[in-house]
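In the form predicted on its own, a lone chain appears below as structure tokens.
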Amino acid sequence: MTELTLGRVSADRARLLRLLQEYGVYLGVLVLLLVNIAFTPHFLSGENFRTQAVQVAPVLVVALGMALAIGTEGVDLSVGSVMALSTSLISLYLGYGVWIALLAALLGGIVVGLANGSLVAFVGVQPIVATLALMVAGRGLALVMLPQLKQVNDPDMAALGSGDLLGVPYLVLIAAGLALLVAFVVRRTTFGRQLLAIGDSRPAAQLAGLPVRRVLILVYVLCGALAAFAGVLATARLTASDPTSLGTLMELSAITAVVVGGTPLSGGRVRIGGTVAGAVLIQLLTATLIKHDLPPSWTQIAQAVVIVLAVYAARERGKR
């Protein structure tokens, strides 16, 4: 094989990897849709699409915050525990009114995010270590406040979880609105540009005089607040607070959605559209396996395989 031919093969391979990273998540969603249309009974029913959309909403909300953290070359492993903490706080404060309960849940997420951001920005702890500590502590605190499942009997929470506007569930509208808001923040604001600059090169950002510590703290506060809000949405949908299981392995689903959506773990870039598609992909994958009577453990294995493939594609692209 001549040198010219080898060069063309290498260029074609690089182009293919680039296309897979940019658009592979959308292709994956399309393939899963076609597979389900062909082999899953009643998949095209309106009720099924409503169910899938409602279930993906909390995952997407968490993934939006995770995308911001990964964009700074960080990660937040505490998001699942923040959801558990959020549902415990809702149950504890619901007697004072639904707005007080929602405020308490969001404040809980903000406090965890502030702790994560402070450890990363001021103490210099690696994000994976800092958020791992809060992952353990947050779940433990949630179980101390609410050791077992408790029904949430509130008409406003029930309306949030099951209500709709013109046939579109509130949960879906809220998740879509948050996705648009986060996309605007990343692309159109000074904070978004600073976030990407820090992820691209933190030393260079510091030399340029950017408020690195402030941005990092705000990123983790937003990540915590979004995770807490996802806990609110999940609690409203289930009409129950269950800190023992709510948010379990949510960090895996969120990271998968973000990475598969084209946001590199090396930071410096955030793809919100890809993150939305990644969350949909994870939900369709989970639903497909469940509908075909495969055990839940297969979902985790499938997510792990998807992450490895996405990271490999990003690594190969980075070599060129």
Partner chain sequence: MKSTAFRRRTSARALLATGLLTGLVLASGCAKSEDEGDGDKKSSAQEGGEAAASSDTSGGETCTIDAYGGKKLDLKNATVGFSQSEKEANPFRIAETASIKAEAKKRGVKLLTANAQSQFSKQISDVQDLIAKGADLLVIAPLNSDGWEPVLRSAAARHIPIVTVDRKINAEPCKDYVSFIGSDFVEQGRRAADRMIEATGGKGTVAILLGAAGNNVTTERTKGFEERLKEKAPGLKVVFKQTGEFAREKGQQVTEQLIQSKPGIDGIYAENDEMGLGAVNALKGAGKKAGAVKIVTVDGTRNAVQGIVDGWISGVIESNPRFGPLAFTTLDSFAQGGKVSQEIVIKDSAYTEDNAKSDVDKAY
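Numbering follows the first chain given and starts at 1. Quick caveat: nothing in here was measured; it's all calculated off a predicted structure.
One more form of this protein, predicted in complex with its partner chain, exists but is not displayed; see below.
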| property | result |
| --- | --- |
| Segment assignment from 256 to 264, 283 to 291, 27 to 35, 66 to 74: heavy atom within 4.5 Å of its partner chain in the predicted complex | 283 to 291 |
| Sole residue of Leu160, Leu218, Val152, Ile174 within 4.5 Å of its partner chain in the predicted complex, by heavy atom | Val152 |
| Contact residue in the predicted complex, from Val182, Val120, Leu246, Leu226 (heavy atom within 4.5 Å of its partner chain) | Leu246 |
| Interface membership of Gly167, its partner chain in the predicted complex, 4.5 Å heavy atom rule | no |
| Its partner chain contact in the predicted complex: Leu85, any heavy atom under 4.5 Å | yes |
| Close approach of Leu102 to its partner chain in the predicted complex, 4.5 Å, heavy atom | no |
| Contact flag, Leu178 vs its partner chain in the predicted complex, heavy atom cut 4.5 Å | no |
| Within 52 to 83, the residues that have a heavy atom no more than 4.5 Å from its partner chain in the predicted complex | Gln52, Gln55 |
